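Here you get one chain, nothing else, as structure tokens; it is the form predicted alone.
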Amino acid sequence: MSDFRAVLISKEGEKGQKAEPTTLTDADLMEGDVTVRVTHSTLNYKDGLALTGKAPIVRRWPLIPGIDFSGEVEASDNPDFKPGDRVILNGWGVGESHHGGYSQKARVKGEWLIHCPDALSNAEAMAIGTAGYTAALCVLGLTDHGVSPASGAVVVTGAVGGVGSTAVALLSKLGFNVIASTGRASEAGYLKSLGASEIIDRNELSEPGRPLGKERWAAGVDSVGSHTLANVLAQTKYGGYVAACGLAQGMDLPASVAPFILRGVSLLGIDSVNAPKEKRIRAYELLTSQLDKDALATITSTIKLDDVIAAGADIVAGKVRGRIVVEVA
């Protein structure tokens, strides 16, 4: 039985919690038919909420957070995986109700895993992570409904974040005219380097707006929710599509039915947690073929496992740009 390092969140009193690095053994792992030696994880907004306790993400105590990981199979009772296989996990309640990726070892169900594409290193897979994989699902949602560069511009909200940055880079590579919405004017150069053709201040979208506004874009990718999503919908052109995948501003949607019944706008819900394996594989195929690795490197920074607690507070406070890879091994 071997020791390994992990970050563990435990209850502290009636309402509080404590996150700290610790040493565990194989006996602390949860049920599953595949054991993975984790090499890398990543930091998403949801991870920040779990680490800080700002939202009730963790549903089981104590728990290792981290909704993503990549690594190599150490042992397997699943016929789809063998020792030495490189694998990726995104979602499935890992880091919420099952021990997650901020650990040098994980035991999970094989059905939650996909093989890591040969074209990606473990670190690159986590530079993509759930944020990038979710962005790819959003892009596929739009293109599967016939949205193309000829349709018109696509707005991306929360553009400096992980989902937004990847969406901007992907859409630009596919030939779309991308309008990036951000509250950080200082990041305009960064967003243009990813391919954004226009930058708008998030205040244009984040305040209560009219049921219908001027038609500005053919489609949208929204990771913000609340008034921002309502305004994106209100300013989408006739027959357009908006892919919604996040709630950084809030879970509410203070909108009217006007965009739907007067302009035929469609709202596409994007779920990354329980998406079937076929969709996951398609998303990574898109990312592998279209996401420029130089662009990926531009939006990525790397931290050590012991630094993830402080970084979790930073991402919730809106201080993080792009993607953060966590070196676990």
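Note that residue numbering follows the sequence shown and begins at 1. Not measured: the values here are computed from a predicted model.
Only in words, not in the display: the form predicted together with a small molecule, which the text now covers.
K.L.:
Spell out, yes or no, whether the shortest heavy atom distance between residue 296 and the small molecule in the predicted complex is within 4.5 Å.
P.N.:
Output for residue 296 is no: heavy atoms all beyond 4.5 Å of the small molecule.
K.L.:
Does the small molecule get within 4.5 angstroms of any non-hydrogen atom of residue 162 in the predicted complex?
P.N.:
Judged by the heavy-atom cut-off of 4.5 Å, residue 162 is in contact with the small molecule in the predicted complex.
K.L.:
In the predicted complex, is there a heavy atom of the small molecule that lies within 4.5 Å of any heavy atom of residue 305, even though the partner is absent here?
P.N.:
Although the small molecule is absent here, residue 305 would stay clear of it in the predicted complex, with no heavy atoms inside 4.5 Å.
K.L.:
Is residue 248 one of the residues lying within 4.5 Å of the small molecule in the predicted complex, judged by heavy atom distances?
P.N.:
Although the small molecule is absent here, residue 248 would touch it in the predicted complex, with heavy atoms inside 4.5 Å.
K.L.:
Pick from 281, 273, 55, 267: which residue has any heavy atom within 4.5 angstroms of the small molecule in the predicted complex?
P.N.:
Spelling it out, the residue with a heavy atom inside the cut-off is 273.
K.L.:
Of the options 213, 93, 117, 183, which one has a non-hydrogen atom that comes within 4.5 Å of the small molecule in the predicted complex?
P.N.:
Exactly one residue meets the criterion: 183.
K.L.:
171 to 179, 144 to 152, 71 to 79, 221 to 229: which one contacts the small molecule in the predicted complex at 4.5 Å, heavy atom to heavy atom?
P.N.:
Comparing against the small molecule in the predicted complex, the contact stretch is 221 to 229.
K.L.:
130, 134 and 315: each with a heavy atom within 4.5 Å of the small molecule in the predicted complex?
P.N.:
Judged in the predicted complex, 130, 134 and 315 all sit within 4.5 Å of the small molecule.
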